[in-house]
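Heads up, the chain below is alone and in the form predicted alone; it's given as structure tokens.
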Amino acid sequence: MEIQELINKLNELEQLQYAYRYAMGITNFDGNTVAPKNSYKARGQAMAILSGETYKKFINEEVKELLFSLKENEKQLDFTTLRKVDEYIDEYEKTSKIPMNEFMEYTKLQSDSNHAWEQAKANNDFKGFAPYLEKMFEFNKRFANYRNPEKKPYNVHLDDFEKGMEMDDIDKFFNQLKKDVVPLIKDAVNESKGIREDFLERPFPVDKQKELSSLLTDVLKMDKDNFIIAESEHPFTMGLNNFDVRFTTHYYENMIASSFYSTMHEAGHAIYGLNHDLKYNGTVLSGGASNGVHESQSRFYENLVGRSKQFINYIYPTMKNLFPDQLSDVSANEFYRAVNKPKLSLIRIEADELTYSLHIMVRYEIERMMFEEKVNVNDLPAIWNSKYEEYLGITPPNDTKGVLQDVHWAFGLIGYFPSYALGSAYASQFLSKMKETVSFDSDVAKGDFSNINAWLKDNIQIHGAVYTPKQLIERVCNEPFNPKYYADYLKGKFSDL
């Protein structure tokens, strides 16, 4: 078969895979936002059938022969096509080792488990969720052994989210944070006790919070024809293509900072999804370099921009116009100090930058313990509480604010959590490089994101999944990943605060 004919068949495969991903993505988004409460009963079955079809269309001898024929002729392929082939071969080798019936069963479990988690969180009912969570961990352990029996199972899943990363790498990263950042926390928390924050819990009308979320995306120069904002129990972003990105936030009347920063965070993910090169649309290269790099973009807009003094000073007049009564006695500086106040808190997504990584360490250590068979699912509430006491000196009053607070395990995203801390560190290193050519502070102070957005797009976002995280960081920063930038950023910010 001629090389062009092989490439044409690859393109046909891509288009078919994209259509299935799109259909399943829309179904999943609908289920998490506007679908009727009991729709999960039928949706899980539909998702299982669709996943079975994707499996059959992809895992077969014809596709295998196509992919390896292209690989054998790689010298005749351009760089982009070769990267697609490599990604597809990697995906094929992972998926083909999982029996189709288990693949379908797992997809149904994801839908059912997500619903069970929502109910359990609302009702503080870990026991009702535990059977689903136990199955989820069992599936992921088994899948890891199918895929690479010679490798530690948890390392298999870490590599899914951050290619090339293993437990030893994550341990070194967290040990560096424990050395450089954790010693700052006790003093910073004590010294910040006098920072006023009572006004953050005043009643802020939800309709005005929604207006603020929309205005924030305007400031960030996001094209409203290409994205939407919806609501869900746990905020998330779904990038279907450059012209259809969907993200969610949540609104609590007495927690204005929650919707503000979940919107900024998810907007960062959305911007990444909107900005990969159009030639990658609908292809296996349309995602980000890794979950950690994706988190670098969300944490960049949430924290490096959104929690900066320059941005607060810029956006604060708008906020006072929206909430004149709630903020009548609050200055921009008081708001800035309040949303950055370091404190030992229970909820990860509400945590300040300084203590945030402690929340990630808890989850990482629990996942490791589960994969190393050191604990079982029924132990998790007690272990979670003991680790919060150990790391943050506080104990959750219930499981809703403890082990049930995150959706990730319910949906099988085991191994994802380290990406959040890595993303924060990547973002700090990217910012340091950006400042060599972009007047970041003065641009943010003016609400001018043209140069900032362009730098992120041209250096990171446009490349989609073409590069591994290691390759991308070295390409952008002219040096390997270095967590020292993150430590220096936190030291500088919280010493000034």
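Every value quoted in this text rests on a predicted model; they were computed, and no experiment measured them. Residue indices: 1-based, along the sequence shown.
There is also a form predicted in complex with a further copy of the same chain; it is not shown, and the following applies to it.
Asker: Just one of 64, 446, 435, 57 has a heavy atom within 4.5 angstroms of a further copy of the same chain in the predicted bound form, so which one?
Answerer: After the contact test, the surviving option is 57.
Asker: Here the chain is shown alone; which of 246, 157, 368, 408 has a heavy atom within 4.5 Å of a further copy of the same chain in the predicted bound form?
Answerer: Selected option: 246.
Asker: Which of these stretches, 185-193, 320-328, 121-129, 221-229, has heavy atoms within 4.5 Å of a further copy of the same chain in the predicted bound form?
Answerer: Result for this chain: 221-229.
Asker: Does any part of residue 30 reach within 4.5 Å of a further copy of the same chain in the predicted bound form? Heavy atoms only, please.
Answerer: Residue 30 belongs to the contact set for a further copy of the same chain.
Asker: Report whether the minimum heavy atom distance between residue 18 and a further copy of the same chain in the predicted bound form is within 4.5 Å.
Answerer: Contact with a further copy of the same chain, yes.
Asker: Is residue 35 part of the interface with a further copy of the same chain in the predicted bound form - any heavy atom within 4.5 Å?
Answerer: Contact check for residue 35: yes, within 4.5 Å of a further copy of the same chain in the predicted bound form.
Asker: I'd like to know whether residue 42 contacts a further copy of the same chain in the predicted bound form, with contact meaning heavy atoms within 4.5 angstroms.
Answerer: Yes - in the predicted bound form, heavy atoms of residue 42 and a further copy of the same chain come within 4.5 Å of each other.
Asker: Taking 197, 200 and 310 as the candidate spot, are all three within 4.5 angstroms of a further copy of the same chain in the predicted bound form by heavy atoms?
Answerer: So, no: the whole triplet misses a further copy of the same chain.
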